[in-house]
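Shown below, as structure tokens, is a lone chain in the form predicted on its own; questions about how it binds or moves come after it.
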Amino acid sequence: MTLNEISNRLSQEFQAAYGRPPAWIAAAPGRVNVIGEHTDYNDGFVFPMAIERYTVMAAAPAVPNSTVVRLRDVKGTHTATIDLAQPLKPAAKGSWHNYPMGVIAGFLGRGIRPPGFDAMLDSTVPMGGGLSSSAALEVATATLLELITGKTLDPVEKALLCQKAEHDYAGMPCGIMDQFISVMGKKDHILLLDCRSRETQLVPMSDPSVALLVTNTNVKHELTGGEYAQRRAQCEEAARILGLPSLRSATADVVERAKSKMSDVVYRRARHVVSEIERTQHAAEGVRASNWPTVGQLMYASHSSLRDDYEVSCPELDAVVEIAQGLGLRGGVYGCRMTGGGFGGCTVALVDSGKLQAVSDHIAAAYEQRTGIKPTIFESRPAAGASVLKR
């Protein structure tokens, strides 16, 4: 569905549920990270693009003088009520409305107080697929609140507000990449983000000869060991051993010289981060030069590092990458890697656009044959960031 189609459907459902049309509609995209995984919380570089999958939120004022926010999804299966007259506190961990509540809290903390309103959301960003459905929800909420209050935030402040919402209300210590690209994405561009300085560069990617193909493995392994936080702590330990503020300041030589001071696991975590930061910068140069074979090789190297040194891949992700690599350049694939936090979710492949359908069909059939699972595959051009559809 196009963004306008989602918006029109949401308007109709809003009217049916609340008995009046929405006054405001805002949208924010999910994202796929082309390269640069688990580098953002290490002050490194990341290279995401917004995708043509969106979370859309519609709203209308509540009755006069109301302080109540009513939230629901388009199907009516998830509902929540937030009273702005009461102190906001996170709901139980895993509650979907912690994300919008955290954003509302961020606005209140800045002295920006919305009136009560009724809201409905719809999303085409896959949940739990590593395509940043949570950031899309946060940024859509923030964009909607800008409309409701008439107060527009600086884009960096807006992204950081949404990140803080995820930290404080959803309990996820994410880096800044997901919120930055959802706010700042630009059509036909990939965002090179320096997570230390927060400097952004929009790198054009309008070459029609290539496309990005996202394969959702439709697997999400349930882990109980706090793997994300664990790896973050391991990276912080490596930086402490090296006497550096973060692994961004390290080089491959520095890590190798300190290998004997680290456990094997901490050493391999550091080796991944330092090499991935370097790969990300080279990949941005490759995209600028339309050097697709080089970009593809960097993507394969990234996946190998994530699989072996960072240990966040899984058999299903590896299967997609192996299938794509088996097709090779002759079959239309330049490169492929897992994207997102790992342990399931999605891969991203750089593909010859003339062979896109053949590649998609082959991956789908071979993956299902190997795993017994039907994947979900879609192409996306780099999309625009957060947008206003009705004000």
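Position 1 is the first residue in the sequence shown; the rest follow in order. Quantities reported herein were computed from a predicted structural model and do not represent experimental measurements.
Here the subject shifts to the form predicted in complex with a small molecule, a form of this protein not shown in this document.
Shown without its partner, this chain lists G128, P115, G175, P90 as candidates; in the predicted complex, only G175 has a non-hydrogen atom within 4.5 angstroms of the small molecule. In the predicted complex, the small molecule sits within 4.5 Å of a heavy atom belonging to D40. Interface residue remark: Y300 is not counted as part of the site for the small molecule in the predicted complex, having no heavy atom within 4.5 Å.
With a 4.5 Å cutoff on heavy atoms, G331 does not count as touching the small molecule in the predicted complex; it lies far away. Mapping the unseen interface onto this chain, W96 falls outside it, with no heavy atom inside 4.5 Å of the small molecule in the predicted complex.
Note that among 54 to 62, 32 to 40, 321 to 329, 344 to 352, the stretch whose heavy atoms approach the small molecule to within 4.5 Å in the predicted complex is 32 to 40.
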